[in-house]
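Just the one chain here, the form predicted on its own, laid out as structure tokens.
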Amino acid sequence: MFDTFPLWPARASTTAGSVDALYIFLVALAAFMSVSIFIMIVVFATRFRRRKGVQAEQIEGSTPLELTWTVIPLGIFMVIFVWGAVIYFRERTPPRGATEVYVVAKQWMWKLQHEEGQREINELHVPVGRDVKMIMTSQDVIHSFYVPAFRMKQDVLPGRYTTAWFRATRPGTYHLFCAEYCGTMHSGMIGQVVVMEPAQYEAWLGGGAAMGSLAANGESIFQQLGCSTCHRFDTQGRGPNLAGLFGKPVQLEDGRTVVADENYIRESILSPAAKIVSGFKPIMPVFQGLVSEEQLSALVAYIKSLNQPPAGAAATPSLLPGTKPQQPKVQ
């Protein structure tokens, strides 16, 4: 019954109900405290108003009273903290195997690309009942990806990736907004998320122009930029072996250990001298300004795909011409 209420958008994701429950609890608690305080002010002002023979009793000290107004508020605040933390960590931890969509925000539009290669502007098609992970970056200023019906909002920052995920539970078309003021046309940076039945979604995927998967496009860019010259799948490369790299710890020359996530791969492409892998020289050229955000997304998708063996093949990744089969080695 709340779907048509202006201040209560439709609940269309798995986390929407839990977010609403916490919000209702906070509003009810605030209302209860406000009414209680107001009532006490009126009662005490009336009962102990200035008149002869009526005076408030001064309490010099009361351990039970002190414990009461310390323990009860502490318990309430801990409930709010734990409840909010559970929702927060659930919203910030994408499930394994989620469908990935790369998002590039710019003044004033959303550019989205699916793993299968389909590209969209200001519109996102997703299937109902499937986990979708958004990997987002900005081309210019700070934006914010906000879908009220999913109760999700994530800032999109220039120079790095941020992630968010959702699982839509109801087919339909839902509003997409930018929730961070980003310039004079901020109010026009809107779009929609179209949630479809799985069969309809597969038909939509098959109806687009054949552009190749995002990882395949990344492989093509990888070859065009000459990356395969140094990043080989054997031990002869002048750069680290990228097979099986994503998600693994990487030992750096300065002794630190970092995890090879999307931001690490992005930084390694744009500013390779920022984190030098142990055992290698800083000879990689800087690609800052030479590759677009869309090309970066494709390169990241390709490197991530090297963790997965090709369908019907062994776990060894596809080899470059002139190389011998080796066990994948992460450096």
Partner chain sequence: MATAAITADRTNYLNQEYGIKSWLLTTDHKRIALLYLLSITFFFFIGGFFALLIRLELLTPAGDLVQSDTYNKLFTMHGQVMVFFFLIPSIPAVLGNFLVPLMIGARDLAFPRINLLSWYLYIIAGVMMLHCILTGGVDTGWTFYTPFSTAFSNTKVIEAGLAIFVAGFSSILTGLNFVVTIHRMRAPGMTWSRLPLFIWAHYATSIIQLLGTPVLAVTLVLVVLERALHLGIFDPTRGGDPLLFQHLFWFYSHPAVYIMILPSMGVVSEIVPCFCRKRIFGYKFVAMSSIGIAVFGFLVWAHHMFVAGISLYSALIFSILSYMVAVPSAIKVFNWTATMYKGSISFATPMLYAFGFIGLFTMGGLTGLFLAALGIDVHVTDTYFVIAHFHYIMVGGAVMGYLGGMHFWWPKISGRMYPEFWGKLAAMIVFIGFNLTFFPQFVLGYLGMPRRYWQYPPEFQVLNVLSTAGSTILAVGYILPMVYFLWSMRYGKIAEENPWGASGLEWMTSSPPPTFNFDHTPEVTWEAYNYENIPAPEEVAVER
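Note that this is a predicted model, so its numbers are computed, not measured. Rigid core: the largest C-alpha set superposing within 1.5 Å between the two forms. Positions refer to the first chain, counted from 1.
This next part talks about the form predicted together with its partner chain, which is not shown.
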| in the model of the complex, residue 212 touching its partner chain (heavy atom, 4.5 Å) | no
| field | Interface membership of residue 229, its partner chain in the model of the complex, 4.5 Å heavy atom rule | value | no
| said: Even though the partner isn't displayed, in the model of the complex is residue 140 close enough to its partner chain, meaning a heavy atom within 4.5 Å? | reply: yes
| query | So, in the model of the complex, is residue 37 in contact with its partner chain at a 4.5 angstroms heavy atom limit? | reply | yes
| Here the chain is shown alone; which of 130, 175, 106, 170 has a heavy atom within 4.5 Å of its partner chain in the model of the complex? | 175
| remark: Among 257, 236, 184, 223, just one has a heavy atom within 4.5 Å of its partner chain in the model of the complex, namely 184
| request: Tell me the stretch among 74-82, 214-222, 237-245, 121-129 that has any heavy atom within 4.5 angstroms of its partner chain in the model of the complex. | output: 74-82
| request: Can you tell me which bits of 255-277 touch its partner chain in the model of the complex, meaning any heavy atom within 4.5 Å? | output: none
| said: Aligning on the core only, does the CA of residue 71 end up 2 angstroms or more away between the shown form and the other one? | reply: yes
| said: Please state whether residue 286 has a C-alpha shift of 2 Å or more between the shown form and the other one, with the rigid core used for the fit. | reply: no
